[in-house]
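For reference, the chain that follows is the form predicted on its own, supplied as structure tokens.
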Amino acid sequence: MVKAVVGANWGDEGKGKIVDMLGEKADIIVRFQGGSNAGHTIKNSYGKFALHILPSGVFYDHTTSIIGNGVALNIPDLIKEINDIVSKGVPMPKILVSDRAQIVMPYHQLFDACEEERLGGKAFGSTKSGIAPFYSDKYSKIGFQVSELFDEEVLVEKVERVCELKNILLQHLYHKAPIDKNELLETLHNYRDMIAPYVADTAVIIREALEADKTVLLEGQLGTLKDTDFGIYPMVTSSSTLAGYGAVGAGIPPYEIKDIIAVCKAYSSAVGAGAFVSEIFGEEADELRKRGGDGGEFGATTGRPRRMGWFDCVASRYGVKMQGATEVALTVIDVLGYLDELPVCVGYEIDGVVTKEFPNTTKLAKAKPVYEVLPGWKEDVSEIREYDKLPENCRKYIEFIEKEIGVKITMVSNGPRREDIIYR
């Protein structure tokens, strides 16, 4: 059986904790897209971790963690992350990397930074991890696939061809020093030696696991609103964040995905530029940011303060529907216990007309939030483990959201630890 865990919003919804939790009953956990440009924060018996490229179920000794073909593979980041968790007492995990995955190159990060600098005030708010240049090269067919590291003739020819193209842009558009092709080839040789122990035809391994009735968990990065096609384009990531892409990014048939768990926050947060209709500012935002998450709402990769907002039913309904969610996990409900009342965005007013449908980016720029205000519960709910024991107003808040988004909320997360969960 295949389950997918994906984000319903802008990312940062708490997917890492849900994958870490569900990993207990999984055999294989697959990262299927994205790179080390975003992080999943996890707190378990080994400590607190911010994973960027390793699947969030890597802490179990019975699981195999796979970096799928759809991932933007930063090899030094992967090796550093493995060494970091092992140095903190985590048993050496079983990790496999798809031989069809493509590699984030040092010049991808350089081009990312150069382009953000060139755009100035119109920059995308990139993490400068090289993701957009990476995917651009992949689809321009000048990316480096892991399998190519092991064919010297192919490698030498491609380095020559790529440097010729990249150096024109570096020197004449960005006015930077050219790439040294000998240094680049040496870097690729180092990457080959680093990644060699992990490389496999992972699509075959996953297929054999499914034939043996094993459980496979697909882990997505970011969320619906950062999807290249259905997100707030162009302020999106450069890969598909939808569960449907999990089939492609892991190398399985789409009909194998039986359960799609979309993760939603009990309020809204976002990192990076782009439309954010229910955004709040000033002291109100600062207070929510300070209380949010585990130690505050700051990006797990960049440390940037996240933009804060009230729960957005329009964006979340769209997010879970585009994911094809069969169930929803609602996270960080414990954070909201300090509020007397909770505004919830139930519609967008665009040119004088109120809609509940999430619009395209052009119309989204004109959208103003329409709020319904619900009473708060003024209570710490972090130690509660049974749904019926939550305060009445907390349950009403959850059930209001459930009705608005149209998908059953089956899990309510009320803290950062693996055990901080309420099943419905």
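Start at 1 with the first residue shown and count on from there. Keep in mind the model is a prediction, meaning the values are calculated, not measured.
Missing here is the form predicted together with a small molecule; even so, the following discussion is about that form.
The stretch from 205-213, 330-338, 112-120, 270-278 that comes within 4.5 Å of the small molecule in the model of the complex, counting heavy atoms only, is 330-338. Contact check for residue 166: no non-hydrogen atom falls within 4.5 Å of the small molecule in the model of the complex.
Put simply, residue 40 is close to the small molecule in the model of the complex: some heavy atom of it is within 4.5 Å. Using a 4.5 angstroms threshold between heavy atoms, residue 23 stays clear of the small molecule in the model of the complex. A residue is said to contact a partner when one of its heavy atoms sits within 4.5 Å of a partner heavy atom; residue 306 meets this definition for the small molecule in the model of the complex.
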